[in-house]
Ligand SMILES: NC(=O)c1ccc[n+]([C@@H]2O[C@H](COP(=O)([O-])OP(=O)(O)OC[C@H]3O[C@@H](n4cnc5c(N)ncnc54)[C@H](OP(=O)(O)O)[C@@H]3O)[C@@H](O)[C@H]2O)c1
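Only one chain is included here, represented as structure tokens and corresponding to the form predicted alone.
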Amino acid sequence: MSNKNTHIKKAEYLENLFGCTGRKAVVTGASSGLGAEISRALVHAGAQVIGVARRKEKLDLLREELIAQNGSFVSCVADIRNGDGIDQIIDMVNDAGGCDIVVANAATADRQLLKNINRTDFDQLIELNLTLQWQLAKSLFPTLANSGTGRFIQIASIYSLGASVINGLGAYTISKHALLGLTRSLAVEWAQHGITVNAIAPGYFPTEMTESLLAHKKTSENLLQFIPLKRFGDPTELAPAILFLASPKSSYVTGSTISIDGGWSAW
């Protein structure tokens, strides 16, 4: 067999395993950080991506980048925290002719000790990090069921698996623990519809949400003590897990959590 034919065979094999050609995806929190990198991974694998975020200028920059690389990316400027945000997503999904993959990445963190945080702030954090993730899943269930190979991927956290080592992230940690409960419960409920539901638990990556924290030398050094690989992650290192969980070939994986944390959760 020629090298050319061997190359084609390898490309076909990898496309069959991890490719997303012809598949339609929704990514929330897509304008920057991990959400932007997840969108890039799916687009480069052939998916048609609807990127959802509040900041139009950031989304448009990402769209220009991906369109210039012959990718398919549509901006959906929406805030899922208000009543119309999820409706906007559904409208765009319907216009696109359905949805096969959802990556629920939108989240917030508020550093307040549990003994100090007030009810309003606590409720708002739980609302975005948990309740609205359930509402998004519920709203997109019909189109994922129609897909036949529906994939719902939650972006959780290493703090889904244990307590935070940073003071003031108690409410965030609680919300991310509950998110794994939602992931597992949806996985069991939706299995009969051919939909898999899984989570990725990232460690510390340099993003807008973490940049001020990681820029603090003492805090950064303290965090590295918990990471066996002794470095923070690169957002591109999420791509293999995203493509695996998004692929039709991951059809026997559901209710699982993949930690991408440099070994943090191995302690």
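In case it trips you up, residue 1 is the first one in the sequence shown, and so on. Bear in mind that the values here come from a model prediction, so they are computed numbers and not experimental data.
Although not depicted, the form predicted in complex with this ligand is the subject of the following passage.
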Considering Ala137, Ile86, Cys99, Ala107, which brings a non-hydrogen atom within 4.5 Å of this ligand in the predicted bound form?
-> Ala107
Using heavy atoms only and a 4.5 Å cut-off, determine which of Ala241, Met209, Leu61, Ile227 is in contact with this ligand in the predicted bound form.
-> Met209
If you check in the predicted bound form, is Leu144 within 4.5 Å of this ligand, heavy atoms only?
-> no
Given that the partner is absent here, does Ala156 sit within 4.5 Å of this ligand in the predicted bound form, heavy atoms only?
-> yes
Would you please decide whether Leu128 lies within 4.5 angstroms of this ligand in the predicted bound form, comparing each non-hydrogen atom pair?
-> yes
In the predicted bound form, does Leu34 have a heavy atom within 4.5 Å of this ligand?
-> yes
Determine which one of 156-164, 91-99, 114-122, 180-188 lies within 4.5 Å of this ligand in the predicted bound form, judging by heavy atom distances; exactly one does.
-> 156-164
Any chance Ala47, Phe73 and Ile195 all have a heavy atom within 4.5 Å of this ligand in the predicted bound form?
-> no
Within 4.5 Å of this ligand in the predicted bound form, which residues of 159-182 have a heavy atom? Give them in sequence order, or say none.
-> Tyr172, Lys176
